[in-house]
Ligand code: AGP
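Just one chain follows, in the form predicted on its own, and it is written as structure tokens.
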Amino acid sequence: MCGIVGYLGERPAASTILDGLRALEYRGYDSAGLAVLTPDGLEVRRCAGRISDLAPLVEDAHLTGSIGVGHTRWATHGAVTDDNAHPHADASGRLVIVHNGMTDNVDELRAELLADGHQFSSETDTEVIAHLIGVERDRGAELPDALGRALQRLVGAHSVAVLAADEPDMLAAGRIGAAGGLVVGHNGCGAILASDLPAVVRHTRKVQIVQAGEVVSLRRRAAEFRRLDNRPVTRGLITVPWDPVAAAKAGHRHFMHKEIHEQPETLAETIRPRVTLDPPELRLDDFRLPTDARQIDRAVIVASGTSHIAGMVGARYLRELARLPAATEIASEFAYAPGPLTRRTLVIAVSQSGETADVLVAVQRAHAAGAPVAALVNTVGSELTRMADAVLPLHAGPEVSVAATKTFTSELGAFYLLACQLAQQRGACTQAQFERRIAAIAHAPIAVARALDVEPQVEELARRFHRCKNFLFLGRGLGHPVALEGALKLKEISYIHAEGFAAGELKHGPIALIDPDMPVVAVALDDDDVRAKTLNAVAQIRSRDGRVILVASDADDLRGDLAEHVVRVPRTAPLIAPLVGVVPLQLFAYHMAVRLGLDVDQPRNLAKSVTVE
């Protein structure tokens, strides 16, 4: 959430910043603005709404200048209004800032400034920060030092970028806490600053990361990094392995549709560089635990949203394949009630962006207890990759749509590989078992590709059901997290109320909801122990006039009247089934939202990266 872009160079700053903000739209926002240093001074244009609302204001102003900052805001302190949109100025109007974060001590700081005669034109904590920086400038501090001093007064996690009228050749930016990231890059035309990679990789693939507790002075051809106490920091370059073209829709109507269809390739990128079949080997060369796997007593997976649901599958993999007790915790709950942790507890943090605030706080709690932390993460150079003791990159490439799809299946693939490696290291499997497991995951991308063939049938189901207001999703075993993910996807992008639950719980309450107006999506895949019980639940629903969409294996011999509609996916090994079973549910949510004429890639009130608690 909240996108930050800064630019200084040879190009017009306004158009360059607008392009960068468009690249960050997926993060979620409700207002936008920019400031450019022109020959007449600082010019600010901002408004509630989308970048498409901001662009005409900028174009009509004919802003000339080659240095500026821009922002997309996701409202925290203050309502969604023009006045609360960023950038915000200090008391003198000589500097402006854009900001990502929430200031926990804002009331105290605002009261102090009001007592000194300051006046505010917005409800935001951001304007308070701008005034704090202005105060330090009035005391004689250089811009980067003034920013550093102001950041030290803030409680919470923050990323801030500053543009000053008397510093026409520099932008300053800084971070504290587990706020959203800041990335800087240079090319022959100048320098770019942004809160996420898609706004930078269109300019350069060689970047530097602003880490927590640092301030950067960004000039056209150089970046100087310092700690908040002014100690210099040496920061190397990272080469981003993403082609900017990968963020284009490539002929798809929406990024979500593109990313659903990319899953065979992205899953293969997660698996195949690490797996060989002749001879069967698993090589996680980029993943080294800081402790002997045989010394681990249990694992705790911490994540949020879709990654938390992936963690439920991952916990099953760890228990069944590695014989390691494992549980999944919602990161925001674990962060403040982590329970007993020791050096023999492996904490596995999962985040697509690597900047999820709840996950980062959870990792801090784990480290404080002495527990080793492993991370499954998709974004190169993110905060989580620096905090974790071991990192297993997903290699899924940029995911632009707010609703996660391809990163979910890549997380499942990564969890499976991790469980197989731990099984080997712990002596929890025979060689024959290991070879069968490796063969099963190696062929999973092909099964996912075949699962995409159900799209015409699913699109027709969306036509039939898109006027429904409520849905139930159910499954057992590994079908349970698949059902939860299906319900989450439907509510995220279609705004239809959907509830997922374990099929065994049907008679313990949910069955009271069954009637012809409450469609049920049932997931009955290749888990022989519970598949028959899921089908029994479906029969009970049908006997009460319930409408059922059943997701089942193409090898199942089902009674013709068991479900109103049956969507068949390829049969796989039971532990691989979630990878194929989730595909029709992703497509169903997508086509339901399209039918309803909704903004699929940027659903209301949601942000791609939740970088504040």
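Computed from a predicted model, the values in this text were never measured in an experiment. In this text, residue numbers run from 1 along the sequence as written.
What comes next is about the form predicted in complex with the ligand, which is not displayed.
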{"query": "Within 4.5 Å of the ligand in the model of the complex, all of 353, 403 and 489 (non-hydrogen atom)", "finding": "yes"}
{"query": "Of 307, 382, 72, 409, the one that lies within 4.5 Å of the ligand in the model of the complex (heavy atoms)", "finding": "307"}
{"query": "Option from 124 to 132, 420 to 428, 297 to 305, 276 to 284 whose residues, in the model of the complex, bring a heavy atom within 4.5 Å of the ligand", "finding": "297 to 305"}
